[in-house]
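Consider the single chain below, provided in structure tokens and representing the form predicted alone.
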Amino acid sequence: MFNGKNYLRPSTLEEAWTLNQNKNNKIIGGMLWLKMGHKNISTMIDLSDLGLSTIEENDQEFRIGAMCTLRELEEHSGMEQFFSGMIRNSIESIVGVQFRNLATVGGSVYSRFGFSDILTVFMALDSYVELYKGGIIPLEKYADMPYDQDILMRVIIKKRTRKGVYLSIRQTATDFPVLACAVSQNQEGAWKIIYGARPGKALAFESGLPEKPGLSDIEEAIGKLKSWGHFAGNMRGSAEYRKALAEALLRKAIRYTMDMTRA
């Protein structure tokens, strides 16, 4: 539950940014996570009138407005085709359709929650964020930045051909993930491996896999993973449990990705 004193829908990004410099004000997004906290907000800032509710596609990239919902992302035919269902797979288990019809891409990415499926899958692709004052920066860099008062306008995913899969383990179908793993490989053979819900926020694992890994290469990557000290415990599982899951998910994700690149 939160209390909001004023509600405003700015007509320009500059107006929204100026309002957001007051730390007692808050951009409200879909209000799904905000309502679970306990805040007193001076002015609730609604970005609905700023043209940030569309998914644009051109020859080079997808440009996803911050006010697009997770459901719009899930149902976008262009991304479904280009990324072979990887993005849809990461979203379809998030709570339920009603929730995904309200939750915004901007709210999910800005918050950088440890359990975020969408941050995990975006980081496994060639993704960037566009900030009103901060410009365009790699999503991986943004994920590691402290929270600030800038306006997150869009997520941009480059159309560099990259095949991959998203896998997660959940205790129940629509629960938060115990562990999430997104793996992709580009045309040049470079791998990206991202673990989310560690339970910390999504983080890249440097596997050292070659373009066409053999069994010995995969075992070497698994060996590195066993000594990777970025898993921890919480109410959904211990660090050792997550490490065991990470190994199983990585083996499966590499196999699936190699099958896709051979197809």
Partner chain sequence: MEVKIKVNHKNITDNIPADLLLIDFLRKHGFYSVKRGCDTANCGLCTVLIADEPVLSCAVLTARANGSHITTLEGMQKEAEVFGSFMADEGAEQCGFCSPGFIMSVLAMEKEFEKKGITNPSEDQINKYLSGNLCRCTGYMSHTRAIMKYLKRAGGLK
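Residue numbers count along the first chain shown, from 1. A quick note: this is a predicted structure, and the numbers were derived from the prediction, not measured.
The form predicted in complex with its partner chain is left out here; the points below concern that form.
In the predicted complex, its partner chain sits within 4.5 Å of a heavy atom belonging to R9. Interface membership of T174, defined by any non-hydrogen atom within 4.5 Å of its partner chain in the predicted complex, is confirmed. Within this chain, M145 is remote from the site of its partner chain in the predicted complex, having no heavy atom within 4.5 Å. Within 4.5 Å of some heavy atom of its partner chain in the predicted complex lies at least one heavy atom of M44. Stretch 98-106 is the contacting one of 134-142, 180-188, 149-157, 98-106, since its residues have non-hydrogen atoms within 4.5 Å of its partner chain in the predicted complex. Proximity to its partner chain in the predicted complex holds for all of G29, M36 and E92, with the criterion being a heavy atom within 4.5 Å. A heavy atom within 4.5 Å of its partner chain in the predicted complex is found for exactly one of L203, L50, M67, A221: M67.
Along 1-19, these residues reach a heavy atom to within 4.5 Å of its partner chain in the predicted complex: M1, F2, N3, G4, K5, N6, Y7, R9.
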